[in-house]
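Two forms, one protein chain; structure tokens for each follow separately as structure 1 and structure 2.
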Structure 1
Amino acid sequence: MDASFLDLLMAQQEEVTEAEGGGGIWVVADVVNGAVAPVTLEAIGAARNLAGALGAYVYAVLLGDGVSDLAATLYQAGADGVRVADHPALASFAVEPYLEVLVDLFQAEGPEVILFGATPQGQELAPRVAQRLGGGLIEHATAMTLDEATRTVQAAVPIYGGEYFEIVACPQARPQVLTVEPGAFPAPFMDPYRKGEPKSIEVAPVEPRVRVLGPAGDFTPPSVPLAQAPVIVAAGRQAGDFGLVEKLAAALGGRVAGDRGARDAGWIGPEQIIDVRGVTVAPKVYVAVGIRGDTFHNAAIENSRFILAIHPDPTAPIFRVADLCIEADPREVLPALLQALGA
């Protein structure tokens, strides 16, 4: 068969008959740097799975200025219908203008389920939409199933940073509003032959209550609390040269801390002591420089994702909890590390 004829046949087969609206599952798109955000496509894929069980259509809503051409991407991801609010008043995100467009649309269409990305924009809009429509809200969903008898979405949400998950649902409130965690759902197959004609939404300009005037002058933002720092370089009695510890922390973009031995040496303040009686931490990277590692210290760092320990004593307890151990004098190791980092 001629290839061009096959392409034409496939294109004809995949033409989308625009859904008229009413009920259904709706996905509110995020637009980042002029493109549809990946989490929006993932949400459309999740919506298609739910729609198959509900026997419902999947709709996408696109808001912004000059965004009409992005509707093609939403059809290719699996949307049966796309509504576009393309207006200069929506050029940059502000809560009130976006909220008014969405609430007016959803009051007219009566959706069963509304999905947002768990992004700064989605987390601002989702609870407000749920409140205005009298619906239920589930945030940061990482998995979704459906109770077909009651048409209720059951979602898994992480608790305590993902230590465990709870299954939650809104059995009575409608619509069911959910925010979808980025990366939690697979991206859908993008079908280039899937096409449709989006419908425009009338936009009545609304003055936002909050306006961005520009960066604040003479303001230094507070530093990240030590307990939330992603990188920590901590010193102990055997660190030798505390200046090298500070340089390593600066090269890694991390915070300086230490054990009680470093406090006794006058290198750190009491608020920088890593200890179950002081500060418990869980950074992505924890570098222990010259820390022997007593029970209280090691218990305070046990949730760190990666621990590098540098100590001259091979029997140091810190080596039992470290992922990478360097048995050496820190005064010999740190200069080499700094050189490797170009610091």
Structure 2
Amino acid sequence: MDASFLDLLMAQQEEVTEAEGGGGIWVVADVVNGAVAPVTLEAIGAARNLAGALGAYVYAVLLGDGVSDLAATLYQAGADGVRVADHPALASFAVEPYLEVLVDLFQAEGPEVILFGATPQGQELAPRVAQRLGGGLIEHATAMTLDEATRTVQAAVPIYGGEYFEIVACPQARPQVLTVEPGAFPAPFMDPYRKGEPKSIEVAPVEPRVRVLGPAGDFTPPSVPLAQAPVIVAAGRQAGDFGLVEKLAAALGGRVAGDRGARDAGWIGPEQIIDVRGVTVAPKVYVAVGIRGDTFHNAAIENSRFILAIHPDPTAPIFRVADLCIEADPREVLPALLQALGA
């Protein structure tokens, strides 16, 4: 049998139709390497949840060159309507050309809520759209609820990178513009039978004022001290092959460090010892490879956001502070981990 009963039933579903009369929740799509960015799909999923409570439709805006085919993905993710601005002038992101298209569109449609991804593109466009339309902007939303009485979106925004969250709203200013943190919302169910007819937008080319001159080959960013590094891969006596530790650090974009055992083995310098008597760290990700974890070491890493520990001894004290523990020889796990990370 080619198609199941469910497939046949789903295929009868009608095309998505749009409401007249403006309003609605609008999602501005991010296109990365010719595909819709995951954050856009997550934003559409989040918009659908709001739309249910708000009694509104979800629309998506797609800008770029040769992007018309991507409209189908946006319908599948849950958009009720898609607007496409497909023009060679929009081939690469620049503020002014994108901004003019969006502002013209939103002035005509009068959206209630506008969502952008909290990506470089979204963070440049969202404040300018909000400023031009007189709207309020909440950045880096990680959760959204609706105050139904006033039709106001309340969003949680991370403070100090997620130590805690403030719940904020823009009760007066309309439209309500938000940028959505990538990965904060679940990806929506992609319904392959959900289809619609996108509408294209007329694009009047605008010359961008910021010109890209070319690669800055001569520029090297200032080095970050180990204490402020966001990712650290540290080796201990049981690390086995230090070359693999260095490869893992490179794959994660992190810095190499170690405990006193790694210093004794001659793998690291004295300035790389993580210990309350050496460097105290608080990275977003800390990987302890073959570190047993004495009191001095564990106290120096306790403010790390996420700790992965790999050690062969199940009673190693490092496992008491680590979030994720692998009881195995690092020599067996590291090659597999590098492979799984695509390094």
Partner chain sequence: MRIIVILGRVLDPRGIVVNPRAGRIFVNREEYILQPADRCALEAALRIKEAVGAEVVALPRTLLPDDDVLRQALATGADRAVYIAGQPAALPDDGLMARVLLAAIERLGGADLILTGATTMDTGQGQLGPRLAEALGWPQIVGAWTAEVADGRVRAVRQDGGSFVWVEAPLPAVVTFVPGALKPRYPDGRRLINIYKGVGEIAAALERWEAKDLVAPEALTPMLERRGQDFPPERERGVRLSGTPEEMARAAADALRARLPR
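What we label the rigid core is the largest C-alpha set whose atoms superpose within 1.5 Å from one form to the other. A quick note: this is a predicted structure, and the numbers were derived from the prediction, not measured. Counting starts at 1 and follows the sequence of structure 1.
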Review point. Of structures 1 and 2, which is the form predicted in complex with the partner chain?
Key: 2
Check your understanding: Quick one: once the rigid core is lined up, does Arg255 have its C-alpha move by 2 Å or more between structures 1 and 2?
Key -> yes
Practice item. Superpose the two forms on their rigid core, then report whether the C-alpha of Val39 is displaced by 2 angstroms or more between structures 1 and 2. Key: no
Revision key, fill the gap. Turn angle in degrees for the lesser rigid part against the greater between structures 1 and 2 comes out at 44
Study note, to complete from the structure: Rigid core fixed, the Cα of Ser304 shifts between structures 1 and 2, in Å, by 3.7
